[in-house]
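Let's start with one chain on its own, the form predicted on its own, as structure tokens.
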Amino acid sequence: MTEQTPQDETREEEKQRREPRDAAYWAHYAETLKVTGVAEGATNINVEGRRAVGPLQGFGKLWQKTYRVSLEDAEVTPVEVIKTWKENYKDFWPEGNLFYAPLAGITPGEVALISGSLPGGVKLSTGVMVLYADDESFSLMTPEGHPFSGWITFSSFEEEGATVAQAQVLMRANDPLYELGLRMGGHKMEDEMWRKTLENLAAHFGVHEPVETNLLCVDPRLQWSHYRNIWHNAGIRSALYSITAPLRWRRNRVRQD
């Protein structure tokens, strides 16, 4: 085993001084996403090898959506709220949507798989990457092909003597087809999902307060330079994957025989 020299220790100290104090809470840069272990029932067809994308890479209007609920009647701290949210994230989602947490939990750089629904009854296989996570907040980032390009930040803080739980989404529809879907009912489904999530979280702490919603269109313009995003559309690819399931089953049987 090689002993560390004084010069090595000096370089390590300089490196630590150059790094931001919150560097440990951020995901390390990676060109593409990698899923470490696929849970039973999950489908990894639209995540592995995809890039993580934010609002700048999306096609549709830019929206900031904020959902919050006061936990005034619960004796719980913001740290306790976020700890509970991380550990039970999938349990707070409304029925019809499945979240397969990473094996390492909600920690920076980990990738989770999602099985959800789109307007028209289309089953969607997608996922998210944990971009940031500390004791009082965590943020998820979407992959190429997801219904929207953006970030979802979950946080908890004290306001006027009460603990508040909040989910904030900064998003653009990923491609023209998703933008059309959002305008034809997708926004309503998205809003209802996050409202229900916060209701379930609050109920966990014995609170039954209404969820406040603030929807703001930050930029009404469409980014036509990103219309090609439709190539990675996870809804289309998920539908094709379902349609071709009998062919895959038959091919596997032939190989086994």
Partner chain sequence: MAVRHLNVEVRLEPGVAVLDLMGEINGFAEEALNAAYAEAEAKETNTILLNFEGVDYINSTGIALIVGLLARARASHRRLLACNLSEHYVEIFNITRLSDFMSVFPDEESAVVEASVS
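Residue numbers count along the first chain shown, from 1. Since this is a predicted model, take the numbers as computed values, not measurements.
There is another form of the same protein, the form predicted together with the partner chain; it is not shown, and what comes next is about it.
For a residue to qualify, one of its non-hydrogen atoms must sit within 4.5 Å of the partner chain in the predicted complex; none of Tyr67, Leu124 and Ser238 qualifies. Contact with the partner chain in the predicted complex, judged by any heavy atom within 4.5 Å, is made by just one of Arg228, Lys34, Arg51, Lys188: Arg51. The listed set Met193, Val211, Ala27, Ala39 contains one residue whose heavy atoms approach the partner chain in the predicted complex to within 4.5 Å, identified as Ala27. Of the stretches 179-187, 69-77, 89-97, 125-133, only 125-133 has residues with a heavy atom within 4.5 Å of the partner chain in the predicted complex. In the predicted complex, the partner chain lies farther than 4.5 Å from every heavy atom of Leu198.
For the chain shown alone, Thr163 is not a contact residue for the partner chain in the predicted complex, no non-hydrogen atom being within 4.5 angstroms. In the predicted complex, the partner chain stays beyond 4.5 Å of every heavy atom belonging to Ala112.
Taking the partner from the other structure, the partner chain in the predicted complex has no heavy atom within 4.5 Å of any heavy atom of Ile106. Heavy atoms closer than or equal to 4.5 Å to the partner chain in the predicted complex belong, across 168-204, to the residues Leu170, Arg172, ordered by sequence position.
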